[in-house]
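Read the single chain below, which is given as structure tokens and is the form predicted on its own.
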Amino acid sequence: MKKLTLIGCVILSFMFAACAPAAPAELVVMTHSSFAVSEAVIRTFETQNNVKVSFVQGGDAGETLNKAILSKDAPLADVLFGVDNTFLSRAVEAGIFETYASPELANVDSIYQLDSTHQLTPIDFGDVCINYDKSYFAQHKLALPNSLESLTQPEYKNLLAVENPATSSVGLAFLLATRAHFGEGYLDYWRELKENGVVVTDGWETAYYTNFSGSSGHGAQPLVVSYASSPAAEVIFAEPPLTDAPTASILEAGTCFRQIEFAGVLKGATNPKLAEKFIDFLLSAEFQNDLPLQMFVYPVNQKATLPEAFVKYSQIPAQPAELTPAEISANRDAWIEAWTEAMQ
């Protein structure tokens, strides 16, 4: 009897084991340090695909890409999120991504699909522009600057805060805007800005929260290089609540630079098929609708819905400055080095 009972237990154990759900697979996603997503959104992907998503931060966009390149023989992740158009050519040339054309790209405008090889898929975009303190210009009855050139005029002396392009992606974006607009004469322009009292900070947080008068209310500069979505953020995070944004962006042709972020499946990924599904998910309406209030960027999926604050208080420039990813990749370091020397 004991022997039969033992055999029965073995059989039952086998049956229950066969019916038990498989343990979730693991998908590792490397991101830059500014990445954010709602937990509920990620749980949806995990539930639909029986997977546990783990996020690994690699630093800023450049650092994250460097880590992926250096570890290409033993990838640290399955998916890399956060390569932007200033590093796009370098990322593609490094040969660290698999080719994958997501069917969700049918909902993405071709202006964002900069990689014809489909190694990298566009996910979001944001515009770096000059933001201004509305109350300052109203109180001083001062007209807004309507071009990059106008910022060198005497009436705007000591009024502009910018970020160092060697230490800030926002500062780099503005440097690229000036390079696109002035060509070889961009350093002459920066020398004129220097003579007109431009203030250079190491990063965006210092420029925006210390130097800019429109956010902290205590800064000395009513003009700052920031994001076109910053006015919406001012309203969303305001305490007490605001009925209007205290800031706005200057959107004249060529004064803004558009940053586009991409994601890709890394070669040697442990779970390449799940990685492809994650790329699809990044372009899905659920993830794209979550983007604006998580990272204050715009979705590339044309079917995504923008939050009310974005619609009311942020604007998309019609003619941002244009430089090809290849041109940026070939000259970025030299432009930064030349800028650093000119601004010493």
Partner chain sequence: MNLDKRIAQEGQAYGGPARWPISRFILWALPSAFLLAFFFYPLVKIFALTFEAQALTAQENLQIVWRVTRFTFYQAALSTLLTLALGLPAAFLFARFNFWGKSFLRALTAIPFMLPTVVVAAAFNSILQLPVFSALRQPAPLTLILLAHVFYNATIVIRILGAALAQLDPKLEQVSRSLGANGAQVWHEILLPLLKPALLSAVLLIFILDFTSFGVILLLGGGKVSTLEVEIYLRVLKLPNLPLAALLAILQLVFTLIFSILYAQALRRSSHPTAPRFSIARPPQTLREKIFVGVFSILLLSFFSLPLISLPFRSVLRLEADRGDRAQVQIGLTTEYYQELFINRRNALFYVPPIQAAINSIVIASLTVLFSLALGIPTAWALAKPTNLEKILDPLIMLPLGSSAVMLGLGLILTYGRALASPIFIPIAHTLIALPFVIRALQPAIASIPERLRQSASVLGASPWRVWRLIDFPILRRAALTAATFAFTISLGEFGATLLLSRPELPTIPVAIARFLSQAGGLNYGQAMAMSTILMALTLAGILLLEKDHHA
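Residue numbers count along the first chain shown, from 1. Small disclaimer: the values here were computed from a predicted structure and weren't measured.
This protein has a second form, the form predicted in complex with its partner chain, left out of what is shown; the following refers to that one.
- The partner is absent here; in the model of the complex, the one residue of Gln113, Ser215, Ser89, Thr152 having a heavy atom within 4.5 Å of its partner chain is Ser215.
- Listed residues Ser102, Asn196, Asn107, Asn164 were compared with its partner chain in the model of the complex; Asn164 is the one with a heavy atom within 4.5 Å.
- Partner proximity in the model of the complex, defined as non-hydrogen atoms within 4.5 angstroms of its partner chain, places exactly one of 92-100, 69-77, 113-121, 173-181 at the interface: 69-77.
- Although the partner is absent here, Gly254 lies well away from its partner chain in the model of the complex, with no heavy atom inside 4.5 Å.
- A residue is said to contact a partner when one of its heavy atoms sits within 4.5 Å of a partner heavy atom; Pro307 fails this definition for its partner chain in the model of the complex, lying far away.
- Its partner chain is not shown here, but in the model of the complex it comes within 4.5 Å of a heavy atom of Ile336.
- Its partner chain is not drawn, but in the model of the complex it has a heavy atom within 4.5 Å of Gln57.
- Shown here without its partner, the chain carries Phe35, Glu39 and Glu205, all of which come within 4.5 Å of its partner chain in the model of the complex through at least one heavy atom.
- Applying a 4.5 Å heavy atom cutoff to its partner chain in the model of the complex picks out Thr270 as the lone residue from 247-280.
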